[in-house]
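One chain is shown next in structure tokens, namely the form predicted on its own.
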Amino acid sequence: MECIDPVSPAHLGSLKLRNRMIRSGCYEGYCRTGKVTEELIEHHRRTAEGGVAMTTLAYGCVVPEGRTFADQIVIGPESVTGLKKLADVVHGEGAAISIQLTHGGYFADPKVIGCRPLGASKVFNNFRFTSPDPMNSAEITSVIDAFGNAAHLVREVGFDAVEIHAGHGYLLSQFLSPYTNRRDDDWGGSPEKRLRFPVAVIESVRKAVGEDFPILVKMNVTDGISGGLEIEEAVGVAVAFEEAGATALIPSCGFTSKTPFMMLRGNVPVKEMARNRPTFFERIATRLFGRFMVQTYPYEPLFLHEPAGRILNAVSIPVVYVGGVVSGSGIRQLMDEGFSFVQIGRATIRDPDFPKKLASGEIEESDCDICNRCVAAMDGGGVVCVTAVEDSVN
């Protein structure tokens, strides 16, 4: 197999990227009232300046009733001006920009959307302490169209790619997972019927953006819960996504309502998470019971290496590796094994210049200590490396 240089230019479909390092979608917490802000623009400008090939705007909701946060962007006419400005600024730093297309399903916040969330089946969500209304066929068709409309809009304003979020227990993942999809109609039951909705979304997006526009799809290799999606079925999901029109796949893991730190690993910053909860009751409850409600998973570099490799071997389209990318040697290993790109999150939050420093040989590994306090900071004003802030003060 040809040895691939991770800092060499590469193509993602028709899109030429300056290297093989992509900033993963990490909820920024900078979208006040759901609109693009100068803080959000600066965050992604600085990330682009640091050398990534493409940065990813997180959690762009395709309909208002799918929002999981009050300050989440809804992709529509009201967000056009801000999204265009953001794309132009990132392009000015020589990077491309993508956006995650999402619908929270039963994770949607009832206080934000003003109604009961929609989902695949009436399964209790212990993240929101609610049960969703199962979607009917008309509602499913409407959301399929909404994904296509959102993709068309962001392409028109200058985005270079879209990332359909079909993992982490969001709506499309809820239909894929036998844990949350307990339907007995055309949209659930067998693996083929559980695939129908996510596949239709990919096909809708492909039709909306044309044949050459890059569509990445984030998917789970495991939900990490009893009765959930596992790698054996995930391989078939990957093949179906390729056939539906995906340009590239991003194998990930975890279910936000049950195993939220499975996709991250490492420390669970309970104290910081409690401090940033919106109400006094939630702050007390998180402080007292957070350790019991959120499982911990030991961290190691490239922690999804084995199951992601099974997805890589099952498809012919590019596979983007995500999960514990912190070193040049790790990236080179992945490239040698056939992964086309890597997505990097915490290492670029710790130091936006991480890709540039790797490329120049200034460093070989990130000094991120996986404290995950950046995750808590997302709800406390915006994602930031708390350690770096403390170092700048001291």
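Because the structure is predicted, anything quoted here is derived from the model rather than measured. Note that residue numbering begins at 1 and tracks the sequence as displayed.
Omitted from view is the form predicted in complex with a small molecule, to which the following refers.
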Considering non-hydrogen atoms and a 4.5 Å limit, which listed residue (G228, G324, P269, G188) is close to the small molecule in the model of the complex? G324
Residue stretch of 220 to 228, 82 to 90, 259 to 267, 189 to 197 approaching the small molecule in the model of the complex, non-hydrogen atom distance within 4.5 Å: 259 to 267
Residue-level contact is defined here as any heavy atom of the residue lying within 4.5 Å of the small molecule in the model of the complex; does R346 satisfy this criterion? yes
Might V375 be said to contact the small molecule in the model of the complex, defining contact as any heavy atom within 4.5 Å? yes
When the contact criterion is heavy atoms within 4.5 Å, does Q100 count as touching the small molecule in the model of the complex? yes
If we define contact as a non-hydrogen atom of the residue within 4.5 angstroms of the partner, is F303 a contact of the small molecule in the model of the complex? yes
